[in-house]
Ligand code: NAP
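This document opens with one chain alone, in structure tokens, the form predicted alone.
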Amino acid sequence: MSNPTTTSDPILPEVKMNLAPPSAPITGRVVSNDMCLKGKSNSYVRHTEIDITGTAIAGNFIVGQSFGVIAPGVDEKGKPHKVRLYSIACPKWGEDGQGNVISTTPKRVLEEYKPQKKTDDQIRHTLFIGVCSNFLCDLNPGDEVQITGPAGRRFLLPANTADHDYIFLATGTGIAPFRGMVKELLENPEGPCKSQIHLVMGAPYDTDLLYDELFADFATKHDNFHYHTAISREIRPDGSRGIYTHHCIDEKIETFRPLLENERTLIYICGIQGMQTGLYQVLATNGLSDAYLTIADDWADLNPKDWPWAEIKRNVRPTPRCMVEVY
């Protein structure tokens, strides 16, 4: 595989990292902790804002980075809980405009226990409750939380945002960095960015959409912002089956084609692991992959529709114009 740098590759800003290491976390205080789902849902997702005034991280993070949270107490082995990372969901000036209030989008983890290796109990099926996500979701205004970071230097807006157009694809809480990015692009104190911005948000059901009212409002107020939803588990009005984010791009390919062919355009993908593989196939099938992907030489003659999904991530890699953050 070759991965040449082109003149249209983004120049990313310099960032500060690990100003508060796990050995010396800062203490933040919760400002608000509100549900951010569109409607009634089987998921529980919140928008959590934390005041970090006077700490090393205040004013020293940028959108696209993450921060760590250390839940109180110890694990089943008696050791302090490990740091869990959460995407920053606000622009670089924070929720308060001064960089003193940081935010994220935690989702409660409520699942049955599943054995991970042969030595684990193979018949155990008790309820597993995520330690850190539920800790965050339980917090009330005024509660303290131990924070580390910031972390991340790759999944960032370019230093000169006006030089590029954007396609953001998200599933679930992968929307968190895009909330911050869209706000930074459109609510900049120096005026809104005039670049083309497309956000594709995927969710199982319409009621699972996150920050839906915010993005719909942006689409109404800004002609250059386009909000698309991909609902996977609902039958659509025309009777067809639900779609995922890559299906949305494929179905609207004539809308997206001019944008994808433009040297200015960057793609950002954030959400559940594997969501990028469908998009890779869509790009290659439509002859739009060269700027965004490097494909293994021995796959050059394969029809992208026949790519084995299990091998895509090993044989197809994103270029600097396609940024991927999956978990």
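Note that the structure is predicted; figures quoted are calculated from it, not measured. One-based numbering along the sequence shown.
Below, we turn to the form predicted in complex with the named molecule, even though it does not appear here.
*Asks:* Just to confirm, Lys107 within 4.5 Å of the named molecule in the predicted complex by heavy atoms?
*Replies:* Yes, Lys107 sits close enough to the named molecule in the predicted complex that at least one of its heavy atoms falls within 4.5 Å.
*Asks:* May I ask you to check whether Gly39 falls inside a 4.5 Å heavy atom distance of the named molecule in the predicted complex?
*Replies:* Answer no; every heavy atom of Gly39 is more than 4.5 Å from the named molecule in the predicted complex.
*Asks:* Look up in the predicted complex whether Gly271 has a non-hydrogen atom within 4.5 angstroms of the named molecule, and give yes or no.
*Replies:* Result yes; Gly271 sits at the interface with the named molecule in the predicted complex.
*Asks:* Although the named molecule is absent from this view, report whether Thr161 comes within 4.5 Å of it in the predicted complex, heavy atoms only.
*Replies:* Output for Thr161 is no: heavy atoms all beyond 4.5 Å of the named molecule.
*Asks:* Report the stretch among 72 to 80, 220 to 228, 113 to 121, 202 to 210 that approaches the named molecule in the predicted complex to within 4.5 Å, counting heavy atoms only.
*Replies:* Partner-contacting stretch among the options: 202 to 210.
*Asks:* I need to confirm a contact call. Of Arg236, Arg154, His125, Arg233, which residue comes within 4.5 Å of the named molecule in the predicted complex, counting heavy atoms only?
*Replies:* It is Arg233.
*Asks:* Just to confirm, with a 4.5 Å cut-off on non-hydrogen atoms, which of Ser133, Thr171, Asn100, Ser103 contacts the named molecule in the predicted complex?
*Replies:* Selected residue: Thr171.
*Asks:* For the stretch 307 to 327, which residues lie within 4.5 Å of the named molecule in the predicted complex by non-hydrogen atom distance?
*Replies:* Glu325, Val326, Tyr327 sit within 4.5 Å of the partner.
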